[in-house]
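Quick setup: one chain, the form predicted on its own, written in structure tokens, and binding and motion questions come after.
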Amino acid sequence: MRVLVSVGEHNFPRDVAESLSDLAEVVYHRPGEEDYWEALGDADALVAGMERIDGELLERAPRLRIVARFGVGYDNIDVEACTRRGIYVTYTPDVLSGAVADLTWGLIIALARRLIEADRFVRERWALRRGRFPFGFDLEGKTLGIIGLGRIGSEVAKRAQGFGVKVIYNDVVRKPELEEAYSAEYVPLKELLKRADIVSIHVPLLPSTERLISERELRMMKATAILINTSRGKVIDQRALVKALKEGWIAGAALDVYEEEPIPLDDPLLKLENVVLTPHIGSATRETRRRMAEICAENIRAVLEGRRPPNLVPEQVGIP
């Protein structure tokens, strides 16, 4: 049997690959590489990144039995098409929640204290006594609005306890136990946008969440508020966000995800001073990425041994 890894050795280390060597040969090919399609045609399992897994691709993978998504979001995978072909789809829940929550708070602090501008000031102007260094704002006493209090959102709320912020949240399901644990208040989305000094988004990309934050929602926010997105780029109307940042509807934004990735070098977001931008690194720590690889390997081993994988996506939980 053969396992195709499309996410690279730095994400799926050789020693993790060797843990499957008693069952299968593990090969590495990136989407777009010359040998990728040939390897896919022989693959019994695929460790997938953000490439589109749809019916067209599956037609070229007749032996495929499992798509092990290297990550927690799987909006790039046509789960229905996989299910019709008897292909399991798995993901890596829980393990990356802490890393993404840490990055979220890093982005909040970077914006609040204007760290990118301060770094640039030290490198270019401080010794020359040119201009004033940037002033930020205190977090204590501010209101943090969390959109989506799931695995990652709840980790963000947990970390908020040390910053003296008021936590409000909106979710499709109310979470009384988390409200009690983190002194969080459930509010409608419209109220959250109007009250929050910091808005942090933690929802999956679904038809109901695509462009959840558009011009109408951005205009509801305070002019002093900041917006953080570590979920999926298409949750925000990026063109409307650029307009909001240019015209001062909100004070700033910090993004780890974008409508198009990699974000083009001529994108207007890259020209703005009141943004902090990172290259989709929410789960990019050594420890988290290794555990993600191990979970993918565990799911693949189960399927290749004829067992049900432990981390099926919710849509497949009821299938045998």
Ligand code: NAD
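None of the values given here were measured: they were computed from a predicted structure. Numbering starts at 1 and runs along the sequence shown.
Although it is not shown, the form predicted together with this ligand is what the next lines describe.
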| item | value |
| --- | --- |
| One stretch from 51-59, 256-264, 269-277, 30-38 that, in the model of the complex, holds residues within 4.5 Å of this ligand by heavy atom | 256-264 |
| Cys82, Val156, Val203, Leu193 - the one with a heavy atom within 4.5 Å of this ligand in the model of the complex | Val203 |
| Selected contact from Ile226, Ala244, Leu96, Ala160, since only one has a non-hydrogen atom within 4.5 angstroms of this ligand in the model of the complex | Leu96 |
| Val173, heavy atom within 4.5 angstroms of this ligand in the model of the complex | yes |
| Exercise: Gln238 in contact with this ligand in the model of the complex, heavy atom 4.5 Å | no |
| 4.5 angstroms heavy atom contact with this ligand in the model of the complex for Thr90 | no |
| 4.5 Å heavy atom contact, Asn76 and this ligand in the model of the complex | no |
| Stretch 144-162: residues contacting this ligand in the model of the complex, 4.5 Å heavy atom cut-off | Ile147, Gly148, Leu149, Gly150, Arg151, Ile152, Gly153 |
